[in-house]
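A lone chain, given as structure tokens: the form predicted on its own.
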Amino acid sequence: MRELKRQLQEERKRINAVLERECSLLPPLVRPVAEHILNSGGKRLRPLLTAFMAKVFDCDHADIYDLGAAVELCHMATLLHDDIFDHAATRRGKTSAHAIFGVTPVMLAGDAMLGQAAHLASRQCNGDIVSCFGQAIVHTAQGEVAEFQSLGRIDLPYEEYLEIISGKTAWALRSACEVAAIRSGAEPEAVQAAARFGMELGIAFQIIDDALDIAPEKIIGKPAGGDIREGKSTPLIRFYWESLPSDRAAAFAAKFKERSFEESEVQAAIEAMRKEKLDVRTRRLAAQHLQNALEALKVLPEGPGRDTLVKVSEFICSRNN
């Protein structure tokens, strides 16, 4: 594990250098917003996956980091937009960009970052890479719209939940892996396997992220219970609702639909979820998707690169923040 953390740290340095370069190329009026979200931290999961997937194919092209950074810029833009839609006051323990710069400037800055990401990806002059990147943006936006339309639906079917998180989260991880395989000149079967790996890992990642919604603020960098307040139906909240007596379940569903919980009610629900270990139960749903991701990896060339991706996957799915 120590060696893996060392590798992650080294790769993040390279990734952050590219992101800082690209943010510096943005127009002056946009740059402060981009630098704020960049300096707010983050795991850099998407570009890390691009870098490590390239190693699977022994691809050492320096522009691999450009491709990973393009996906991360897109992700950063969606975070800016998400915080506005969610009325989030903080992001990773720091004041949200829209609370500092204003809603309209931040929305437009996010759009500019999407444009910069597209420009960065297009420098490859590879139609497959550009198409992959474009699909990621479309599916991410579609997932966000689907989630918005599902707000307040406590009885959201699990299949619809999977469709939402496949779009809003997993497709970006898929593209991060897929573009590395394409740039490496991998055969179509290997490219498809890399894409499957990223998609399944992305689903597992989001399920665990939703389970972490009831973790203490000092751990996750934002107030616990955000999904309850915002009316986002997740397996964790669904499990809680289904555990309630019929009268309380009906009352909870009504307040969930209207997003009208008192803060004391949110805290009570959080404590009950923790006591019943519903977050642990939610994490179990991620296990099958992690297994699917690891099965997809078996199609790819054996070696240190693939071994590292296995470790990264297991590390991601055991995270507590």
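Numbers follow the displayed sequence, beginning with 1. Here the structure is a predicted model, which is why all the values come from computation and not from measurement.
We do not show the form predicted in complex with another copy of the chain, though everything after this point is about it.
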Given that another copy of the chain is not shown alongside this chain, does residue 127 nevertheless sit within 4.5 Å of it in the predicted bound form, heavy atom to heavy atom? yes
Wondering, does residue 118 line up within 4.5 Å of another copy of the chain in the predicted bound form on heavy atoms? yes
Heavy atom to heavy atom, is residue 134 within 4.5 Å of another copy of the chain in the predicted bound form? yes
Should residue 108 be classed as touching another copy of the chain in the predicted bound form when contacts are defined as heavy atoms within 4.5 Å? yes
Looking at 202 to 210, 100 to 108, 231 to 239, 217 to 225, which lies within 4.5 angstroms of another copy of the chain in the predicted bound form, counting heavy atoms? 100 to 108
Heavy atom within 4.5 Å of another copy of the chain in the predicted bound form: which of 141, 88, 190, 154? 141
Can we say 1, 43 and 95 each have a non-hydrogen atom within 4.5 Å of another copy of the chain in the predicted bound form? no
Partner contacts for 145 to 166, taking another copy of the chain in the predicted bound form and a 4.5 Å heavy atom cut-off: 145, 146, 148, 149
